[in-house]
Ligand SMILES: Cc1cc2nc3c(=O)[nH]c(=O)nc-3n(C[C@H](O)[C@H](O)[C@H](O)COP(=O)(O)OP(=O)(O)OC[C@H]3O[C@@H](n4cnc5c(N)ncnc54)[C@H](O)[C@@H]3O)c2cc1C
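We begin with a single chain expressed as structure tokens, specifically the form predicted alone.
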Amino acid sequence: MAEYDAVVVGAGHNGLAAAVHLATKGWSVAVVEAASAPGGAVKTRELTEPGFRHDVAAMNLSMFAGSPFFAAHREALIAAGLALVPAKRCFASVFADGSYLGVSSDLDETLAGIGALSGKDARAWKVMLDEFGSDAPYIFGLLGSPMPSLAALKVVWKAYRAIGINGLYKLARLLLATPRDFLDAHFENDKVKAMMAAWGLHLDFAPDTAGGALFPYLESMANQAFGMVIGKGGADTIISAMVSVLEAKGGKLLLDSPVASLNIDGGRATGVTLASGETIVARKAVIANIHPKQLFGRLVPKAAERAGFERKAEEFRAGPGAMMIHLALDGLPDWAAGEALKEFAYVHIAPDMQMMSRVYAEAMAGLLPAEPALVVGQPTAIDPSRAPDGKHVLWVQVRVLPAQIRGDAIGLLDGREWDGVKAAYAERAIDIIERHAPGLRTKILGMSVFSPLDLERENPNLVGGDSLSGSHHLDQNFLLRPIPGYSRYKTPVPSLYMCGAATWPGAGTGAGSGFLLAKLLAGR
């Protein structure tokens, strides 16, 4: 029976971030992981052909690169091999008329594209970017503080001192607005609006969902100001580096070690028992980097005094599902809208807000969308090391999809189970790309498809294929995430804490919850 100060259940990037920070502060830490490799939703594997490295789920590491965790442990992580590759041309959207609009870290290039559509919008973009420079410290400060906390109040106070009550009102409206209302208030051209609104579907924000304006705003402005980054050789560069730093600090990672039960003694969490029968004792804390439904529905024994919390954990609502399509290619797509599209990290196929609203409504009704929104990642355009010379990988995220299929919006697919329809639905997605990049199919050397059900099988935290580990709508965000009264990572069980995308500040690769929790536990 081994003993540690802390036992972390789940070696996703938030769990590893917590473990690394605690180990750096002198805690003894063990991380137990059911899978044969660490990383959770941040993994890179040869899914199609030998030599083609595909990011299984997460690809964009910009949030990690700009995170307080990376700032705090930068030197150690880089020394452990972490390497990032910048993308000058960040994201673009293609439209039904065969045109495109994109954002480059070169402001003049972005403004030229927007200005060709609307001089007024080009000026508005520049004004928004200038205001982002003054507002961003307060927005990121809020996102980087426990919720609620004195630190969050200090951020609000500093914002009030700097930008006044009217500035606070403006930020509050941004946090509460729908994407459509926010974009209509700032821009006139539909293509500019659609280009930004597409980021809302990376979470679960349709154009008319309250609280959905923030992510399109942050992604658009942050990409303009700082560019985008991906991992050298794969997104798992951050995982391998964190594991190396953890082990160098004396921490231990146990793979292929599913937890059978979480042990409670005297009313507090005292460790875990593995499926192998081994018990690992936690002297100070058990940190669960797993979905609340997995934690309180499977690992923590039910108790009458926790019945209300357990019910709310079961009711924690998933976001819509996603499908991942990984292609090994003989060459990058030949985008009809322009050769320059081959240089963008992301190409969104979500041409207008009407389409985005329709696909979201169809998915929420349990229907396979007639025309899903697609996020087409081109990592080898930025990092050729992920494929053999002259070859490429394509990372395609199909958004948004139902976890449980009730029908097909256009009546062509009869199946109600993902195992039966995923191949045909993947072809529907490829048909959409083919319309914008004729000849794509002739370049395909290999393909691997993960349906929403496959994603949950790959990572049980992705309930129903929800890559967000829970909807980010306002009733499940900020101090309400994941459960009102438990946004500071505690649970009703003393010494048991939660982190991960299901907790504040939510989904993404920023390691926010793991780092915030570790700082609370370590006192700094």
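Counting begins at 1, following the sequence as shown. Predicted model, so just to flag it, every value in this text is computed and none were measured.
The discussion below concerns the form predicted in complex with this ligand, not included here.
Trainee: With heavy atoms only and a cut-off of 4.5 Å, decide whether T509 touches this ligand in the predicted complex.
Mentor: Contact check for T509: yes, within 4.5 Å of this ligand in the predicted complex.
Trainee: With a 4.5 Å heavy atom cut-off, would you call V42 a contact of this ligand in the predicted complex?
Mentor: Yes, contact at 4.5 Å.
Trainee: Is N60 close to this ligand in the predicted complex, meaning a heavy atom pair under 4.5 Å apart or at it?
Mentor: Although this ligand is absent here, N60 would touch it in the predicted complex, with heavy atoms inside 4.5 Å.
Trainee: Can you tell me whether L341 touches this ligand? I mean in the predicted complex, with a 4.5 angstroms heavy atom cut-off.
Mentor: L341: no, not in contact with this ligand in the predicted complex.
Trainee: Can you pick out, from T209, S257, T270, S145, the residue that has a heavy atom within 4.5 Å of this ligand in the predicted complex?
Mentor: Answer to the contact question: S257.
Trainee: Among S105, S244, S118, Q294, which has at least one heavy atom within 4.5 Å of this ligand in the predicted complex?
Mentor: Flagged contact: Q294.
Trainee: Taking the partner as it appears in the predicted complex, which of 457 to 465, 65 to 73, 22 to 30, 485 to 493 has residues with heavy atoms within 4.5 Å of this ligand?
Mentor: Stretch with heavy atoms near the partner: 457 to 465.
Trainee: Since the partner is left out here, which residues of 224 to 250 would have a heavy atom within 4.5 Å of this ligand in the predicted complex?
Mentor: Counting only heavy atoms within 4.5 Å of this ligand in the predicted complex, no residue of 224 to 250 makes contact.
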